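Single chain ahead, written as structure tokens, the form predicted on its own.
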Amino acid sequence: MLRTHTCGELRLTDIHKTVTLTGWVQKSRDLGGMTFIDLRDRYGITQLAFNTNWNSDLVEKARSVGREFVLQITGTVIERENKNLMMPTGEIEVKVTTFVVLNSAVTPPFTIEDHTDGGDELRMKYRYLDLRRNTVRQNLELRHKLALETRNYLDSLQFIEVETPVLIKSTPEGARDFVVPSRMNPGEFYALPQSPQTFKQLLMVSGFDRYYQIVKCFRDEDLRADRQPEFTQIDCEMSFVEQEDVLQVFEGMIRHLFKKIKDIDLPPLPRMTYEQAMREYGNDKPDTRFGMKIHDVSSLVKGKNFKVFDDAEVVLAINAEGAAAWTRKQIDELTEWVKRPQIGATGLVYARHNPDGTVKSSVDKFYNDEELSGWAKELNSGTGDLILVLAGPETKTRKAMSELRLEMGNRLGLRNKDTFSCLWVVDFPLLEWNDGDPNLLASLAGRWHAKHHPFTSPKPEDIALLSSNPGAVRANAYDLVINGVEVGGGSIRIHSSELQSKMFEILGFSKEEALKQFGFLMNAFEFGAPPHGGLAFGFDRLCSLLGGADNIRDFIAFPKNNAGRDVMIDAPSEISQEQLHELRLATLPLNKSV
């Protein structure tokens, strides 16, 4: 080894020891007769001391090094005169006796410090430098610990980790696949897996009754802060279980991870139906760190000659506690916010619950004091609160009110990243009608598609509705939601080939198409498939939640940007005409001279 110790481990107990350290120059300070260098490695920083009274040649050499030079030094540990108790090694320094520059470095494009001057794109271009920063390193250490504790927990329950293929068959259900051309099978393509779903079900058929995998998955979809084209899942499956069994095992895992990573003892996780989540929060991943539930006040406000409300399909309201003191300017700004295309509301009505108990609204000419007091009673509003109302088509307005509720939670400081509210959302619809979701294949428009995936089992009591009223069928499905983020989701699977065939029929597959796409799975079911179910956690999302960050990129060593590009290696990129020709993808004749 080129070192005897790391830059983060020396203490007063090491005084008088001769040590060899290696690392990068964080910064240097020239004080005339004395020069100090902060030497950094993954484990911390140690101050190096050079004195002209000890060795003037070494001082001159120390003055010549710049930021990020790679050094090896040998010296004696001594006690610092000016201690820095803010750092673990701050009570000692190393009196350098020998000094080797292992490699020089050009000036980095941004400072390698916790609070750097580099923007996102610059840091992504030089990600290998960004990874030297403590904040990024700590994120990856958290990721490592989370993976380790996941494995420890699942191993203790006799789960076995099995790797599944990365080059698989493309299927027409769900988000778009990334496809890979096969050179040895011209005109044919592999797909990169969106999940190991069918393989983990086949493992259940094989008798591996408890499987897991921390696995890379791929989806060709539009990106945002919590999405990447390649992402990691904690993928799990169990045999001979019902929904309650799965929830108990993985609620235990989440509680284990919170205890080990954050030293937080989570209480038992509450359950909420999909219907309740949509009704009270406007979405299926409610942030329950705060109240401000959505109320349908349609029957309360219609019929008063206020055309906006009278003509609306639904009128929804929330009560923002303590916000009655907001100025007209603040409310006008909020009104413009809800009118943005991303939110889609046409306007905002408000009512202040004043300290004297009166309720005054922006539509007072249509409603008397008694009627406005009725608004306050319906929303459990107290003095000092602000009632906000949106009206319009049901689906659009509920979505807009959900966004407004979250925005008010932000503005009122109710979404503290150090507070965690976890719950299970259950009883999802089995199917959704696709009118043309841009994240789904165009060929799926105008037909039913699976809310989770086509292997999800319906509730046994709803199976009879598959033929008569598919939209009313509930799924044996469940999502784990933390602070308004869907962290995991899964279901009890279909294990009957007859029921699976019925599901494919509802989804618009002909018998031939179903056999071509999923014949291997349906055939496997004929050989004795056990009842089984499972779920997958978004590992990157879980890391970002526990790390208190908004963007999963902070917890991925080499992420893509919002355009799906790796700006460090410049990918994706064009490939040569020769490669295209070999893959039978060339649009032009191969030209050897090009």
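This structure is a prediction, so every number in the text was calculated from the model and none was measured. The first residue of the sequence shown is number 1, and the count goes up from there.
One more form of this protein, predicted together with another copy of the chain, exists but is not displayed; see below.
For the marked spot (Arg132, Arg183 and Tyr190), a heavy atom within 4.5 Å of another copy of the chain in the predicted bound form is present in each of the three residues.
Contact with another copy of the chain in the predicted bound form, judged by any heavy atom within 4.5 Å, is made by just one of Val363, Ile463, Val485, Ala105: Ala105.
Proximity to another copy of the chain in the predicted bound form, defined as a heavy atom within 4.5 Å, holds among Thr327, Ser467, Ser510, Gln158 only for Gln158. None of 390 to 398, 105 to 113, 319 to 327, 269 to 277 except one has non-hydrogen atoms within 4.5 angstroms of another copy of the chain in the predicted bound form; the exception is 105 to 113. Another copy of the chain in the predicted bound form is approached by His495, whose closest heavy atom lies within 4.5 angstroms of it. In the predicted bound form, at least one heavy atom of Val179 sits within 4.5 Å of a heavy atom of another copy of the chain. Using a 4.5 angstroms threshold between heavy atoms, Phe558 counts as touching another copy of the chain in the predicted bound form. Within this chain, Trp448 is remote from the site of another copy of the chain in the predicted bound form, having no heavy atom within 4.5 Å. Shown without its partner, the chain has Ala557, Phe558, Lys560, Asn562, Ala563, Gly564, Arg565, Asp566, Met568, Ile569, Asp570 in segment 552 to 570 as residues with a non-hydrogen atom within 4.5 angstroms of another copy of the chain in the predicted bound form.
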